[in-house]
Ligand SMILES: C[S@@+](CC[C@H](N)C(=O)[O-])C[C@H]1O[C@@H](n2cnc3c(N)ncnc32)[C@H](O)[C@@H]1O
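Below you will find one chain, with nothing else, as structure tokens; this is the form predicted alone, and questions on how it binds or moves follow later.
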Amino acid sequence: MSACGASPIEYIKSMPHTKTDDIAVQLFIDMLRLRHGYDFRHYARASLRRRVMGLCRQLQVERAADLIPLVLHDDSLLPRVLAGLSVPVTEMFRDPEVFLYLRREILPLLKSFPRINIWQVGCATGEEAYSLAILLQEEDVYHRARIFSTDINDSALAQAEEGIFPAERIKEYSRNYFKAGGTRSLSDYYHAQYDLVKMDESLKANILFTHHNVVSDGVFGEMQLILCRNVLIYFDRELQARVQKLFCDSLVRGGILCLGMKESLAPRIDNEFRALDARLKIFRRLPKGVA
């Protein structure tokens, strides 16, 4: 109890509104870590605050302080909370020039490996994973590749697993596909019905959509290619460095790391990589002993 006899939550609510929200957001984030094991403390503060306020609207509460007892005592709300705090923004063949570079420059390098393990981080609803599957099929290496697509948002993962997307975006996706060097028609890879499209089952054969939290979970296998595009921009520098160290530890020597075009390598691992295309943010992990 506070000095005035009110509970901590009541005391917070009695403070000026702006200061209340700032403190309550911090307490809410601390509660998520302690109660549910999800650590958002190093997410970019302004972006995180906007998402917490959006979560208030979704759950129909007035202030961030009201979220604390709700989520503390009701485990069933956690999927909605994680969905609200994550950023499921994606599209097929987003930044087509990146996919074109992967097609022309990176896949010839990866073909030297007997198996091609790809970790696609922050997969959201799966459009990028299906784009990779199409690319690998067209370059005749999908049969010996495995795409591990991960996210913390279980509702987005469920949608990704279904592979069903709004038909209204297909024209945009088709333009991206051809800019990315597509050799067929994108319509060869989906089945349209009414206002939805469903990705062909053959594309799902070697994709595993699974829950993984790069903030708290460990090394994810032994990868030849890791793509984490436009995820790190939501982290502060300390967390960016930690996550990139995880990527480094998960990549084989000679493996490829692809970041978002607004992201960069952390100084602590910079000497582990050589830039293949500095503008597109595509790097190759150096062989042991090479600096």
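This structure is a prediction, so every number in the text was calculated from the model and none was measured. All residue numbers are counted from 1 along the displayed sequence.
Although it is not shown, the form predicted together with the ligand is what the next lines describe.
Asks: Among 165 to 173, 106 to 114, 209 to 217, 181 to 189, which stretch sits within 4.5 Å of the ligand in the predicted complex, heavy atoms only?
Replies: It is the stretch 209 to 217.
Asks: Quick one: is Gln240 in contact with the ligand in the predicted complex, heavy atoms, 4.5 Å cut-off?
Replies: Output for Gln240 is no: heavy atoms all beyond 4.5 Å of the ligand.
Asks: Give a yes/no on whether Ala124 approaches the ligand to within 4.5 Å in the predicted complex, heavy atoms considered.
Replies: Taking the distances in the predicted complex, the answer for Ala124 is yes, it comes within 4.5 Å of the ligand.
Asks: Would you check, heavy atoms only and a 4.5 Å threshold, whether Ile29 touches the ligand in the predicted complex?
Replies: No, Ile29 is distant from the partner.
Asks: Does the 4.5 Å heavy atom contact test between Val52 and the ligand in the predicted complex come out positive?
Replies: Because no heavy atom of Val52 falls inside 4.5 Å of the ligand in the predicted complex, the answer is no.
Asks: Using the arrangement in the predicted complex, list in sequence order the residues of 207 to 245 with any heavy atom within 4.5 angstroms of the ligand.
Replies: His212, Asn213, Val214, Val215, Arg229, Asn230, Val231, Tyr234, Phe235, in sequence order.
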